[in-house]
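Just one chain follows, in the form predicted alone, and it is written as C-alpha cells.
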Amino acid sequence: MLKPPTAADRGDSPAVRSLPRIAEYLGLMAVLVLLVALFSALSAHFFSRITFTTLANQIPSLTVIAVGMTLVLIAAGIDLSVGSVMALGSAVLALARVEWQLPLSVAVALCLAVGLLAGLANGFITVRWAVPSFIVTLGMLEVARGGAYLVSESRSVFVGAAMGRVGMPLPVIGLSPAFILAVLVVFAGEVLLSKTILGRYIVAIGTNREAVRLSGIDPRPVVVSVFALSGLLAGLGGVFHVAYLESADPNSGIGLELSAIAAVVIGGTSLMGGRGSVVSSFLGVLIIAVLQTGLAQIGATEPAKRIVTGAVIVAAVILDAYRHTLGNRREHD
C-alpha cells in the first residue's frame, strides 16, 4: 500500500519543514497581541486578570468544536451541524440526569455518544451516496435542532451544581477544568494531525482525494472518521456548555458552526482542503474571543460587533484565497 508522500520523503530537514508553521503561529500571535493592545488602550478595564480568565472560561465549547472543524475542513469537507449537535447532546445529558436520575458520568457518556452517532451519520451518508457534506450536515443541523427541542420540550433544564464544577474557575489560577481539558484536546488534535498516519491521510485526502484512491488507499473510512471526531467533539462542547451554565438550553449553539469556521479560517486552515493546523485554529478562537470581548467593553452595539467580526472573517477568506493562488504558482514553477 502506498503512503502519501511527506516532506521527509523529499529530503527536507525538520527545521526547514517547521519554518512556515512557526511563521504562521508568530503572525497569529502578533495579531492577538495587537488586538489586546488596542482594546487595552480603548478600555481601562480590558487589560486585567478578570477579563482574561473570564474570556478563557467562556471558550471551551468553541475551542473543541473548532478542533473538529479543522480536521473536517482539511479533509475538504464542512460540518454545519456542530451547533445543533451540541444542543442535542446537552439536552440528552439533562434528560438523563434530571428525568432518568442517572449518574453524572453516564449522562456525560450519553451526551458524547449522541455527538459521535451524529458525526458517524454525517460521514456515512457523505461517502455512501457521494452527497456533498454541505448538504448532509445542513440536514443534520435541522434534525439535531429539532431533536433538542423535542428532548427538552423546548425549555431550559437546570442540571445542578455538580455539573457546574467543571465550568467553575479553580482557585489561584482562575481557569476552569473545562478550559484546561479544551487545551489538552487542542494538543491531542495537533498530534493526531501532524504525527499520525491518520493525520497524513486527512491532509492527503484534502489535497487530492482521487490521487489517494489511486495510490491504493480507501479514503472513505478516513472521511467517516473525521466527521465522527467532529461529532464527538461537538458532544464534548455540549458537556462544557452545560457545565458553564449549569443548565441545558435547546437554543444553545445557534450560529456556533459559523464561529467555528471563522476561527479555523482565521487560523489559516484552507477552505479548499489539504492545509491547516489545530493550534492555529485555537489562536483563531482566541482572536475572535478577544475581538468580541473588546468590542463589548468599549460599548460597541450588537450590529457594530457583527459588522466588525464579519469583516475580519471576509479578510481571512481573501487572505486564504491569495495563499492558495500563491501555492499553486509555486507548484507550477
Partner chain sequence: MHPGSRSHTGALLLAVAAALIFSGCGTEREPSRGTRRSAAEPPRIALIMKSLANEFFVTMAEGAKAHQAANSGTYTLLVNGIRNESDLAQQVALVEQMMAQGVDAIVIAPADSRALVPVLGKALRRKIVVVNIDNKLDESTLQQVGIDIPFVGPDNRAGARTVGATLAKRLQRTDKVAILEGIPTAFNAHQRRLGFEDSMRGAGIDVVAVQSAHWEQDEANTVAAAILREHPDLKAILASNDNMALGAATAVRQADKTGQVYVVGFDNIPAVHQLLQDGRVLATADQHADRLAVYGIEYALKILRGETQPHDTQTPVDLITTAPH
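Residue numbers count along the first chain shown, from 1. Values in this document were obtained by computation on a predicted structure and should not be read as measured data.
What comes next is about the form predicted together with the partner chain, which does not appear here.
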Which one, 300, 308, 271, 37, lies within 4.5 Å of the partner chain in the predicted bound form by heavy atoms?
300
Residue-level question: is residue 225 within 4.5 Å of the partner chain in the predicted bound form, judged on heavy atoms?
no
Does residue 249 reach the partner chain in the predicted bound form, with heavy atoms at most 4.5 Å apart?
yes
Taking the shortest heavy atom distance, is residue 296 within 4.5 Å of the partner chain in the predicted bound form?
yes
Do residue 43 and the partner chain come within 4.5 Å of each other in the predicted bound form, heavy atoms counted?
yes
Check, residue by residue, if 54, 142 and 245 all come within 4.5 Å of the partner chain in the predicted bound form, counting heavy atoms only.
yes
Please identify, from 26 to 34, 263 to 271, 46 to 54, 66 to 74, the stretch that has a heavy atom within 4.5 Å of the partner chain in the predicted bound form.
46 to 54
If you apply a 4.5 angstroms heavy atom cut-off, which residues in 183 to 202 are near the partner chain in the predicted bound form?
none
